[in-house]
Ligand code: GLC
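Single chain ahead, written as structure tokens, the form predicted alone.
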């Protein structure tokens, strides 16, 4: 199959969250299976390209035309990359936001990106199926049905749409339709209209052939008012075309046996290196080396309500009065950055904090910590708990979304399980889970069993990629015949 991914971000070129990891790893896994895969991304600031494939596309935007170029990013890991090059729209300091707020023209920016992606599918690299990701590309299936339904080259092209986080809609005023050159007919309850506004995500949910989420549990959760963010009814109406496929972990990048970022490599057969990684991590955060005997909790996260930091803020001081150390890496809402700075200042020698994104340090935290905390309010999939399991770093998570799918509660009597979970979104429940983990930590034999259980788990992309391939086949078989894909 020829599979075209359309995404607003993707490693190694751009990243704000886990979406970028998926858009690097899943195409690579599909290519390894023998599929022909290409990825379309915006050309953000700093993205280097090899050649220009199309000097300019003619994209209608309101009363004007825009002329983005199509740049070729060559082939990485068997995957070809194309970039939509419109400097006015994409050569900016950040991908989606400025000074903590969305760019006011995001509706136009990603309408142009979606239109350009379809022109790439028509003129440059004709696929058998197109796979879109999150609200920024939700217009692709909408436009396929509304504007390309009569096009002999794109007619019948199936579209799979993956929701990585239903909390982000792409919500705009009605005027965005005119500004982005979108048909006024799309402003209807059966398409983009959402409480008198335009909702890109809703349109994608309605127009895609199949909808996927990034874990089986999250596929069920988004059909409920609690997790549906106002779109649960739309998702329920399409329940027969909603599938949860768990994200995978890219073990070519996240494996302590081959990780060049960490102080000492180790494996399930030879765990001694993990103790060296812990000492290295304590030095990095300027925590006393004598605290090496205390359990060390790691956090790598966006500091936001969704990630459970409202919950953490209620019990952080009480948590740090326990016999433990804690290190945290991330950025997020200013109120939580201020809170964490104050907490670290109040508990010198017990807590280390780094505000920012540092990929190498994230690897060192996974390797050096004893436990990894993810108290998310909701978590469509989560990747760090999978990385933690591979690194023998025991996850402590809230039982939601992909966290619930991937972490099995430890049973000391049977020795089964891989981590610790709590169900209620409550500070006391979080503390109870941490205290249970601390109790097991004191039993060195039980803790080693727990670590080895996690390290034996395989959450690689191979199984998930095979599920996606089967879904693509189903989408192809359900679509009307169309012109065969070109050989380019």
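These numbers come from a predicted model, not from an experiment. Positions refer to the first chain, counted from 1.
We do not show the form predicted together with the named molecule, though everything after this point is about it.
Q: Looking in the model of the complex, any heavy atom of residue 212 within 4.5 Å of the named molecule?
A: Answer no; every heavy atom of residue 212 is more than 4.5 Å from the named molecule in the model of the complex.
Q: Would you check, heavy atoms only and a 4.5 Å threshold, whether residue 381 touches the named molecule in the model of the complex?
A: Residue 381 belongs to the contact set for the named molecule.
Q: Is residue 247 part of the interface with the named molecule in the model of the complex - any heavy atom within 4.5 Å?
A: Yes, residue 247 sits close enough to the named molecule in the model of the complex that at least one of its heavy atoms falls within 4.5 Å.
Q: Quick one: is residue 191 in contact with the named molecule in the model of the complex, heavy atoms, 4.5 Å cut-off?
A: Contact check for residue 191: no, nothing within 4.5 Å of the named molecule in the model of the complex.
Q: Ok, 475, 25, 19, 465: which has a heavy atom sitting within 4.5 Å of the named molecule in the model of the complex?
A: By the 4.5 Å criterion, the partner-contacting residue is 19.
Q: Here the chain is shown alone; which of 302, 169, 197, 377 has a heavy atom within 4.5 Å of the named molecule in the model of the complex?
A: Here the answer is residue option 302.
Q: Counting any heavy atom within 4.5 Å as contact, can you tell me which stretch out of 382-390, 144-152, 255-263, 336-344 lines the named molecule in the model of the complex?
A: Every other range fails; the passing one is 382-390.
Q: Even though the chain is shown alone, can you say which residues of 289-314 have a heavy atom within 4.5 Å of the named molecule in the model of the complex?
A: The stretch 289-314, when checked against the named molecule in the model of the complex, contributes 302, 306, 307 at the 4.5 Å heavy-atom cut-off.
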